[in-house]
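A single chain, nothing else alongside it, follows as structure tokens in the form predicted alone.
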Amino acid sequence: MAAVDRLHQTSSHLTGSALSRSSSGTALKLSVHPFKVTVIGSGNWGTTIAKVIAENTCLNPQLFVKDVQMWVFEEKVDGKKLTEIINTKHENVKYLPGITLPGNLVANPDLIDSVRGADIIVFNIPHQFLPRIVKQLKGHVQPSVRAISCLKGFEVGPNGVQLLSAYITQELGMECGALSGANLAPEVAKENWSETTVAYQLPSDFRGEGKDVDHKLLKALFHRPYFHVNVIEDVAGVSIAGALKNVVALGCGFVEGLGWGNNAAAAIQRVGLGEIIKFGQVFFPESKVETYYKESAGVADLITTCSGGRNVRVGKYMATSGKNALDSEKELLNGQSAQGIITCKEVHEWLSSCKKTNEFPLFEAVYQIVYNGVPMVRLPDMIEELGCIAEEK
């Protein structure tokens, strides 16, 4: 028996099918009508999550409409439309090459058409594009639609610093949760075992089990033998950890590129975890500290991202090449985004407005290196100096 087959067999014995059992072990009530799912976004993580979802909708027709719409920003690859390539070859040759996609995953270049009739919308785009997408969706989705955000970052504006899930709810009126975890897209796409965290709070207008989205339904939507899901209520904690780990990863990339070794990277992660927890406690007191150390969305995601994600690669390349962040991102990532570049700016702007930059010395040091060209070799001193100033206050 092949290793992957043994993994699938073991998983089925341990967890039971997503259809017949919930995370609590109770039977999953069948839907009054199957839920239609749309994924907005088709980068490597967007396509990977769409693959996971399409596999589950195909297996669970009592719960979900089989076909999954995936909105794709249309572009041409070797003279052919990317959507046509995905729909005929069942492969996203630009952003997830070498991975066969389910036949029931339908690439759609029309955003409004892709969400028509959707009951669940999964947002999975670079977060700087979210306001533009939300603006287009207004008037085309009902408040009864539920959403999950796989985005990493914050919205900083007149309302202060805001979770992207809360921004979606505010702008579109739909309840929105979050998905985040130790999930490097290529590994999940290859069906190497991993785990993730989905956070969702039942809305005040919850229509009842089988009629609306709840924790058991979300587990059925995302859980696979190779992709284990824990569903919790702490949307704030999952979102904060998912956004800020990318800033820490840039710092790890800097010290890796400078050749300082594992000790330095561990120090960056230690300081970073502390600042992530503190940021949550100060600005989102509803977040739970245990999320940061118990869930895949917390310390596990931090470790994974700082080991091999896009942001650590960009940080390392900046150190070895001497190029700035945006040029490094462009050269390395084939059109994908290193979200830590934008997130560290958003965090800096918010902390500056609150006069709290000294209280988060690593976040501030990463910002100064990325945007003001401060030499990376000053990183340890900046962390210590800013931290001392905060303590003196």
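Numbering starts at 1 and runs along the sequence shown. In this text, all values refer to a predicted model and were calculated from it rather than measured experimentally.
Form predicted in complex with another copy of the chain: not shown, discussed below.
Among heavy atoms of S114, none comes within 4.5 Å of another copy of the chain in the model of the complex. Though the partner is left out of this view, Q269 does reach within 4.5 Å of another copy of the chain in the model of the complex, counting heavy atoms only. Although the partner is absent from this view, T83 stays clear of another copy of the chain in the model of the complex, with no non-hydrogen atom inside 4.5 angstroms. By the criterion of a heavy atom within 4.5 Å, Y317 is excluded from the residues contacting another copy of the chain in the model of the complex. A heavy atom within 4.5 Å of another copy of the chain in the model of the complex is found for one listed residue only; from A166, V106, V299, M174, this is V299. For the options T100, Q170, S307, N159, the one in contact with another copy of the chain in the model of the complex, meaning a heavy atom within 4.5 Å, is S307. Look at 318 to 326, 87 to 95, 286 to 294, 146 to 154: in the model of the complex, residues with non-hydrogen atoms within 4.5 angstroms of another copy of the chain sit in 286 to 294.
Candidate site formed by A182, P380 and I383: every one of these residues places a non-hydrogen atom within 4.5 angstroms of another copy of the chain in the model of the complex. Residues of 202 to 236 placing a heavy atom within 4.5 Å of another copy of the chain in the model of the complex, in sequence order: H223, H228.
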